[in-house]
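Presented as structure tokens, the chain that follows is alone, the form predicted on its own.
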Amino acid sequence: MNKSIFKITPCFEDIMPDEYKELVESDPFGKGLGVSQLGTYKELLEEHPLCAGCGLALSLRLILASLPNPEDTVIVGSTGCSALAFPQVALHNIHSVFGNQNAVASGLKRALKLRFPDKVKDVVVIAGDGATADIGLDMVMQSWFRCENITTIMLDNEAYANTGGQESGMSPQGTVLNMAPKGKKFPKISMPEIARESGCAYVAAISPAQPKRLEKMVRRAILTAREVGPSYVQIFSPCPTNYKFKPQEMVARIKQREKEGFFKSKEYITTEAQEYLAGLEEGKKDE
């Protein structure tokens, strides 16, 4: 993307919002900045309407700081809590119909390849567990079967949080929620394993309690999707509102779940993806 498209025309400088001026003057585009530099530059998400202590909000902030080339990235979202934050994201993004996000992303990626044959354009789906593992599972899996060059990131808050706290396929067995008073009857869906068996070249599960590892996994997933095949990252993003814990306890809750064995970080990489990523690392060393 030519960065001149968001430069301010001189005659409008005095009426542009301060937030936009700051983004133009201190943006992360084309500078190779990441999670370690958070707080030193104008972030792509700063204010949002999500609940205090929301795991989605922290995860989304870290995802945006981890993008290899934010200036050439388009996000495709879906209905859910995360959709409330996308209007505040300083990137091209599309809000799709609930569950339709991977179909939209597939068409978008193909169109961008035709429109920009000599330019890498990353298409990243970011959606909740309802849109990814329940209502949208068919279209998600079909995009994997077709080996579409897109990255799918699930923000896993283990509930339909924005509609009152119904159980989702990602809610743990036995979980009692506002609209699941007797507890969930079946185990949490094993989405990383489904993604692996459905043709994803790179699969990972992580939480915002490990920001540097999250950054590494998001970058690997997006880079793999460029050349090798579809990739999937699942980010455990607890919901304090529907799971009824204090906002400041979100990271501690993640660590407790890890300690109890209910959540653990994992990574699956195909041989082809391993070789591709290793080649990229080697190329960096030679620069």
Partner chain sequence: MLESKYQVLVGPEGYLPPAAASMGVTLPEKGQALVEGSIVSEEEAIEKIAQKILEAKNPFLFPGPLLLWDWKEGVAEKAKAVKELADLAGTRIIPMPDYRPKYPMINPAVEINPNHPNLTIWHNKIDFCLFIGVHCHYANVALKIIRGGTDCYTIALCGEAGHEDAMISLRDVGLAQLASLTEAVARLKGVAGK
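Owing to the predicted nature of the structure, the values given are computational and were not obtained by experimental measurement. Positions refer to the first chain, counted from 1.
The protein also exists as the form predicted together with the partner chain; that form is not presented, and the subsequent description refers to it.
Contact annotation for P247: none of its heavy atoms lies within 4.5 Å of the partner chain in the model of the complex. Contact check for E19: a heavy atom falls within 4.5 Å of the partner chain in the model of the complex. Proximity of K284 to the partner chain in the model of the complex falls outside the 4.5 Å heavy atom cutoff. Residue contact with the partner chain in the model of the complex: G164 places no heavy atom within 4.5 Å of it. Taken together, the three residues P10, E47 and A90 all lie with some non-hydrogen atom within 4.5 angstroms of the partner chain in the model of the complex. Looking at 82 to 90, 199 to 207, 180 to 188, 145 to 153, the stretch with residues near the partner chain in the model of the complex, meaning non-hydrogen atoms within 4.5 angstroms, turns out to be 82 to 90.
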